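One chain comes next, on its own, written as structure tokens: the form predicted alone.
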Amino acid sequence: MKMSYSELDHAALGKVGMMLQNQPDYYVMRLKAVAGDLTVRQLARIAEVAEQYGRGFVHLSTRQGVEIHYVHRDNLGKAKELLAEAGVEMGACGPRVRSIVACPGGETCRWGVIDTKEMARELDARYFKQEMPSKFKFAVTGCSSNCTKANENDIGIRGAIEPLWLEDSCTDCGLCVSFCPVGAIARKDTDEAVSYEADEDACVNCTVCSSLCPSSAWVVGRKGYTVFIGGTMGRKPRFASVLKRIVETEEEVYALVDAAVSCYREHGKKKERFGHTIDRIGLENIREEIFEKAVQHSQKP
């Protein structure tokens, strides 16, 4: 069935982050803020536009964005032009990649394992507003505190470390056992010696043991990223599945992300979220295809 002119108009506006409100001829302007960052100049211009063309307030979205409500359709062009002059870009609506969210990461957070902001900017440059079968959301979070909820997004990337215990440095204080937030560390006492072990399956790859051990007996063995796929919190919630637990290089992260996006484009049905595509086809089938595509990606000249 063909869409009416009005429906086509709304669809075109949706591609550039303008959504029709309940009130006829009034729109929400969704603004882009990669990793939730905006300059003071940008904030001042947003306030100016909200005052001049909206109703003097802004809405802060759950995905670190800003929305200006009650903008009349006759003022959309003028408002967009004013925002663009200050470097404020429009967000995205509909079946496409939304703005990338990220926590402060290792730049300012003591627990951050990775540079979340840099990765968010790179993902934005690669994927923002690309067409998808349904809405598609990325989140980057610096550690297992999971502030930006990596496992609730279509693709989530979380900083991770694999802890390593050094026997010679250990004073057998036992603090690591109580510090570990998931009880993954156990003390082993035999006739020969005392040792401490981390259960790989229970470990959430945080930095608590390596950060708080008073004798530096727990250190970072490997450092990298955990990649999640298929999370969504919509009408049919689904926590993301782990694609790979420790990815040691950014290059491999992007190869896996490229492959995951490609799989979704090939297999996803219209309005079907990535996680539901995974459930329909099978997690292991999707994982196998993603890994194969990632290898092919890495072999390209």
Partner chain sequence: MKKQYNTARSLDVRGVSCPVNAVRVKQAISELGDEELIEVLVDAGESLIRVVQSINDAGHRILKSRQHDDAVGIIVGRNRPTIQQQKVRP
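Here the structure is a predicted model, which means the values were calculated and not measured. Numbering follows the first chain given and starts at 1.
Not pictured, yet referred to below: the form predicted together with the partner chain.
When contacts are judged by a 4.5 Å heavy atom cut-off, Phe128 does not count as touching the partner chain in the model of the complex.
The shortest heavy atom separation between Arg110 and the partner chain in the model of the complex is within 4.5 Å. Taking the partner from elsewhere, Ala86 is found to have every heavy atom lying beyond 4.5 Å of the partner chain in the model of the complex. For the chain shown alone, Ser211 is a contact residue for the partner chain in the model of the complex, at least one non-hydrogen atom being within 4.5 angstroms.
None of Asp172, Asp199, Glu81, Asp74 but one reaches within 4.5 angstroms of the partner chain in the model of the complex through a heavy atom, and that residue is Asp172. A heavy atom within 4.5 Å of the partner chain in the model of the complex is found for one listed residue only; from Cys147, Val204, Leu166, Val177, this is Val177. Heavy atoms within 4.5 Å of the partner chain in the model of the complex are found in exactly one of 131 to 139, 96 to 104, 112 to 120, 177 to 185, that being 177 to 185.
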